[in-house]
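One chain comes next, on its own, written out as structure tokens in the form predicted alone.
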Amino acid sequence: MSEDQDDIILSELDDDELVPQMFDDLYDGLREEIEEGVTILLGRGWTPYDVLTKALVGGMTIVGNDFRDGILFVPEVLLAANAMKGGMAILKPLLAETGAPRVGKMVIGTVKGDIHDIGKNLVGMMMEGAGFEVVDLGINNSVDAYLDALAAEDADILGMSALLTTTMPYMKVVIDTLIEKGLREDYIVLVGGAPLNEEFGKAIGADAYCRDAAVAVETAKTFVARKHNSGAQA
């Protein structure tokens, strides 16, 4: 902790000062300060949903934008995401109790035969930072693992990652299986990974290819909003 940080006593800040300070603390990856800030706001009568959206998601939006624009890099974003997780650990049980509206739910995992997960982990953290619920299946996932999780979790989004050219085609196997079972329209399918590109995403029938975590968040928000709007009109 820096000397400057020592000078700031979070509990002495009013709400209008505390929230911007939490943005700064998230940006700097200060987990303990974020946990303290969340606790203070809850103690002042903030709803868990307001703490999530106004303090944490607000701060992570800045992180995501700067990551997209090349101002922040992966190690710094991982630190910020870790700080976010500290705040989320406090809020998750409270959000469940209050039945807060959810942005959406994502099942994410690296495909069968592939054991790379740094990019996937970053996407998962950034999605949580944007207010999504994320179920991370880890690495080396079969079709059945994805389908079982999608059904069990009542998910909106399937995210698949691959870092090897040899495992990329397995994404199409998963999507083709969803089509065969008549489930393709039930889910937004996002794919990513270093060897992929937009043309590949289209060719295998994914809804979108996301080149990095910041793009994944923006894309997911757009598709979920569209899905909710079409559902409301139906």
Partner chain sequence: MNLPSDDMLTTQGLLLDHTSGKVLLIGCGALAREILDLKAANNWSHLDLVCLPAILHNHPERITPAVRAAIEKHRSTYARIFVVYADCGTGGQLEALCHDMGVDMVAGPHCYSFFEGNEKFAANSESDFSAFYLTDFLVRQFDAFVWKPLGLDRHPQLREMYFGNYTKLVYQAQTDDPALTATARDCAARLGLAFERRLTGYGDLKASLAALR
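Just so it is clear, the structure is predicted and the values come from calculations on it, not from any experiment. Positions refer to the first chain, counted from 1.
Although it is not shown, the form predicted in complex with its partner chain is what the next lines describe.
Open item on the list: Each of Val74, Thr166 and Asn197 within 4.5 Å of its partner chain in the predicted bound form, by any heavy atom, yes or no?
Closed with: The answer is yes: all three residues contact the partner (heavy atom, 4.5 Å cut-off).
Task: 4.5 Å heavy atom contact, Lys112 to its partner chain in the predicted bound form - done: Yes, Lys112 is a contact residue.
- [ ] Using the partner position in the predicted bound form, report whether Asp117 sits within 4.5 Å of its partner chain, counting heavy atoms only.
- [x] Residue-level check for Asp117: yes, a contact with its partner chain.
- [ ] May I ask you to check whether Asn140 falls inside a 4.5 Å heavy atom distance of its partner chain in the predicted bound form?
- [x] It does: once its partner chain is placed as it appears in the predicted bound form, Asn140 has a heavy atom within 4.5 Å of it.
Open item on the list: I'd like to know if Thr98 sits close to its partner chain in the predicted bound form, meaning any non-hydrogen atom pair within 4.5 angstroms.
Closed with: Thr98: no contact with its partner chain in the predicted bound form.
Open item on the list: Can you tell me which of 87 to 95, 145 to 153, 101 to 109, 158 to 166 lies within 4.5 Å of its partner chain in the predicted bound form, counting heavy atoms only?
Closed with: Single hit among the candidates: 158 to 166.
- [ ] Could you tell me whether Arg68 and Ala194 have their C-alpha atoms closer or farther apart in the predicted bound form than in the shown form, knowing the shift is 3 angstroms or more?
- [x] Their C-alpha distance shrinks by at least 3 Å in the predicted bound form.
TODO: Relative to what we see here, could you say if Ala194 and Ile71 have their Cα atoms closer or farther apart in the predicted bound form, with a change of 3 Å or more?
DONE: Their C-alpha distance shrinks by at least 3 Å in the predicted bound form.
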